[in-house]
Structures are given as C-alpha cells and as structure tokens.
Ligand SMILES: Nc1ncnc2c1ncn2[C@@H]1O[C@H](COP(=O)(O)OP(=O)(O)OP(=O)(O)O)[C@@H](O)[C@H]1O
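Quick setup: one chain, the form predicted on its own, written in structure tokens, and binding and motion questions come after.
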Amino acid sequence: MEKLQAALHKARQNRGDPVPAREKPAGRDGGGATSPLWEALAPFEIEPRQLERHRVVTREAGAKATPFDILRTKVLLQMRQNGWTRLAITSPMPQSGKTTTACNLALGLGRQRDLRSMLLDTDLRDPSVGTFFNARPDRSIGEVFAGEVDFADQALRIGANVAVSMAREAEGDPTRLLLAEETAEVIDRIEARYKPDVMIFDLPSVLVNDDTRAFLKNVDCALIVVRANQTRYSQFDTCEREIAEHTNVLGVVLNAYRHADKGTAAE
C-alpha cells in the first residue's frame, strides 16, 4: 500500500505542466435540460439485477453509490474548472475495474438532471459496456466512427440525459479506427450537435496494446483505474507517463481496496 500511495503522490507531482487544451468544436455551450435531439435517441431500460451483477450501483442514491458519487463530484468540478468535456477512463492492465467505474460515473451523472452525459464504449478490441447493460444495439459504435451510420441512429438513451454508444462485437483492427482523423471529426460533430456536459470514453488498458495511445489525442483528460493488490507500481508508473504524454491525468481511482467496513476506496 505504501508503494501505491507513493505512486499517487508521484502522479500528482508529474501533472505540473498540463497538456495544451484540445480545441473545442464551434457552437459549444452549457448542457442544461434535455433537448429534442436527446429525446429522439432510442430509450432503453436496464434491469436492476443486471446492474447489481456488474457492481453498477449509482442508478439510485445510497450507501453503495456514495464512493462513486464523491468521484463524480470531484471529476465534474475539476473538468469544469479547466473547461474540459471529454474524459477517458483506462487502466494499466485489464481486470482493474475501468468499465465498472465508467458505467457508475455515467449513471451517477445521470442523476444530475441539469447535466447531459455520454458513455462511449471505445474498448473496441474487447467491448464490455453492452454486457454490463445487457444491451446489443442494431449497429456498432465502430460504424459510427467510420461514418457508416449516424450517431442518432445508433446510440441509446438511459433516462432523459444519458446517451450510450456501444459496440455489437469486437473490431478486427480497432487501432485503424481509433487513430483515424475521421473518427476525431465524428466525435467533434457529436459534441457540437448534442452539446453534452461530459463525454466518457471507456478505453482499453494502456499496457496491452496501442489502442489507447492512438485515441488519447481526442480527449481532454484521463482517469486511471488501478486495482489494489493486483496493479504493480511499475505498471502504474509506465501507464501514468504514457498518458501524460498525450493528455492531462485527471486522477487515479484505487479500486477494490477493502476498509474495515468492507467499502471500496476511490482516490
């Protein structure tokens, strides 16, 4: 634990020179209440048991949701302070809880009725947001990035103010899509048209392939999820340095650290 705490301290020290802000698409304004464009997205309902099975606990307020609600508030305040909209969530290695964190953060933001948020499943090699929500869209997010289908015809809506774009299946060559300039242009158009307050990108783990490196140019900041007693200091250190070369490190989530009261810690 001492090594991980030292790693967190080092990560904070290394954030002295932020990456230059990404240029915003024209027409960006505050999110506010829902709009006809959001209302036109196909709605879908999630079974509470399905959420519980995957430890997604933020659909309703409560003791289980509190750690993620604290994370939500910290993330939102820091992003607003810096004028950021796009948040990547990643980890050094798989099985750290990044998708769990992304889904909980998205649904937690959804309880803020004055906000509009998006969750995009950009782990195209091993997508899992659809599994968490037990949903399989007719078209895939990869087709949206490739310009083959419009976001309006592919994304689904949870409640009034959370849009989710998921993959149907794994992509054979995801780096090609994540690195493409066309993908960056598609994301710019989505943001300019729908004006979300926060766009969350569930990205692959940094140290398993080059997909995340290819995509980080498209986000304002990144949240690193590490797993207690599993993530090594060297893995975290390498991951943090890799991300800092391409975008701003917003913070670190320490997942699966058990307190005496059996809770989970988020830093």
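This structure is a prediction, so every number in the text was calculated from the model and none was measured. The first residue of the sequence shown is number 1, and the count goes up from there.
The same protein has a further form, the form predicted in complex with the ligand, not shown here; the description that follows concerns it.
Chemist: How about residue 130: is it within 4.5 Å of the ligand in the predicted complex, going by heavy atoms?
Modeler: Residue 130 lies outside the contact set for the ligand.
Chemist: Answer yes if any heavy atom of residue 81 is within 4.5 Å of a heavy atom of the ligand in the predicted complex; otherwise answer no.
Modeler: Residue-level check for residue 81: no, no contact with the ligand.
Chemist: Taking the shortest heavy atom distance, is residue 247 within 4.5 Å of the ligand in the predicted complex?
Modeler: Contact check for residue 247: no, nothing within 4.5 Å of the ligand in the predicted complex.
Chemist: Residue-level contact is defined here as any heavy atom of the residue lying within 4.5 Å of the ligand in the predicted complex; does residue 126 satisfy this criterion?
Modeler: Yes.
Chemist: Which of these residues, 85, 165, 96, 183, gets a heavy atom within 4.5 Å of the ligand in the predicted complex?
Modeler: Contact residue from the list: 96.
Chemist: Pick from 71-79, 99-107, 154-162, 135-143: which stretch has non-hydrogen atoms within 4.5 Å of the ligand in the predicted complex?
Modeler: The contacting stretch here is 99-107.
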